[in-house]
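As a starting point, one isolated chain is supplied in structure tokens, in the form predicted alone.
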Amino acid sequence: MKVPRCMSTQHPDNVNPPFFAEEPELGGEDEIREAYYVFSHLGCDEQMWDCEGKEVDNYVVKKLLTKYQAFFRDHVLGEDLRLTLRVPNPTVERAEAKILLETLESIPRSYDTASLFYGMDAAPVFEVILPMTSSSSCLNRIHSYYLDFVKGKERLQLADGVTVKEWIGEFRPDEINVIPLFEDHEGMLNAAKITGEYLDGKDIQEQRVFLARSDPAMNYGMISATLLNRIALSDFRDLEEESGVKLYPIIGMGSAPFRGNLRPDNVEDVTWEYRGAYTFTVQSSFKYDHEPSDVIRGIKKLRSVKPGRAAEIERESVLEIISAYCREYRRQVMDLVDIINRVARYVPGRRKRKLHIGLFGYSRSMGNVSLPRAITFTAALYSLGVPPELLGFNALSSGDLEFIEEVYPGLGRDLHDAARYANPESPFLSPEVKSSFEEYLEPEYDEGHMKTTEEIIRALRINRTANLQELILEAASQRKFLG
């Protein structure tokens, strides 16, 4: 079965709401319309459906097939196009643990709906993504639960001797695939090991794996996140060769340089930079903050570019650099935590989400300090004229930078794209950070964005915040991403 190359996601990093939205915060029926739109108009071949942190709609498949019959008659869901569910991780998200079970129970119902619609056996959903994967046990529990308790219930016998299968019918598909999503430092470094343990003893010929790019940037800094992705991609290449199982890595990219720097106009640069990745995510800013023709062209490139081979990497040298850089990055974030949280209250929402926990958060915490989610965190710092890509940069020596540029050739491009939106006069941009990146880059500052951040800083200083959200959106519109 063809593996998708371009996964549309529901990450709320967009400035502009899509034309079909009933209100700026998407939810409910808007996201049904979105799935159809990205398949039929933009050309994505996969939609990730988020089942954590919001009211879960277990009738997505039925609604899509009912509302858009003509399109889905010609494009079989589960074969030509994929709908892939991201489920809660019960090990971490205890408050949402039972949503996992509800979601797994919905998969056979979706199978029945699609089979009736197409007049043949059809599995519209057969994969789930497990966030914050930290062990093979987390993956095996989901795989086993589906086999033993969802599929397996058809063997149960009722009081009158009739089996559930005889009474209700078969529960299909017979099994599901579990895609591990690795989001933290240890997870990235052990991603191949955990995946190998999960594959052991199973008759699996192909396996998808997922690397986060946004949350590691917030936790450890942009450079650390990129280097950790490189290590994991290299390790996956080695695992593929050792195990004989074909691996298809997914990279979770946003449009801000801090969160991946994937935009319609730089697809070729980013796909080359992340050689070894097979599938790239397109988040809301990619889809809605650019001209539709540019978006369609960018997605077409994502789907057609030839996947590269992950490069070798000097693991120990990389980890030494990450350690020093991350330590300084975190120190600087701690210095800014109060103003980040203050500004975050005014960053507009773009999806209807409930608060839920995660690494250092989906309300995230560093030590005893809470921080907003990664998109809001990024938007808050950009609004202050302090792109988060620049934090910690002063910890790197010229020798470190030479080494990093070999492993991460796009470093200069990503920093340049970010630094243009810095405000060199911002009181929140430390002199040490400013001097270090100006020496490396000689940035050309965006005058319009700088002026808007000055107005934001002034409003905060005099505590006149009535139009602060409007100013934050104005700055985001100038960047073409919220956070």
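Quick caveat: nothing in here was measured; it's all calculated off a predicted structure. Sequential numbering from 1, following the sequence displayed.
What comes next is about the form predicted together with another copy of the chain, which is not displayed.
A.B. asks: Although another copy of the chain is absent from this view, report whether Y220 comes within 4.5 Å of it in the predicted bound form, heavy atoms only.
C.D. replies: Judged by the heavy-atom cut-off of 4.5 Å, Y220 is well away from another copy of the chain in the predicted bound form.
A.B. asks: Determine whether any heavy atom of S40 comes within 4.5 Å of a heavy atom of another copy of the chain in the predicted bound form, and answer yes or no.
C.D. replies: Although another copy of the chain is absent here, S40 would touch it in the predicted bound form, with heavy atoms inside 4.5 Å.
A.B. asks: So in the predicted bound form, does any heavy atom of D112 sit within 4.5 Å of another copy of the chain?
C.D. replies: Because a heavy atom of D112 falls inside 4.5 Å of another copy of the chain in the predicted bound form, the answer is yes.
A.B. asks: Using heavy atoms and a 4.5 Å limit, would one call A97 a contact residue for another copy of the chain in the predicted bound form?
C.D. replies: A97: yes, in contact with another copy of the chain in the predicted bound form.
A.B. asks: Looking at 263 to 271, 319 to 327, 100 to 108, 212 to 220, which stretch has residues with any non-hydrogen atom within 4.5 Å of another copy of the chain in the predicted bound form?
C.D. replies: Residues of 100 to 108 come within 4.5 Å of the partner.
A.B. asks: Which pick from K193, R141, K301, R275 sits with a heavy atom within 4.5 Å of another copy of the chain in the predicted bound form?
C.D. replies: Contact residue from the list: R141.
A.B. asks: With another copy of the chain left out of view, which of K153, R331, R413, K246 would have a heavy atom within 4.5 Å of it in the predicted bound form?
C.D. replies: Answer to the contact question: K153.
A.B. asks: Check each residue of 159 to 176 against another copy of the chain in the predicted bound form and list those with a heavy atom within 4.5 Å, in sequence order.
C.D. replies: In sequence order, A159, D160, V162, V164, K165, E166, W167, I168, G169, E170, F171 come within 4.5 Å of the partner.
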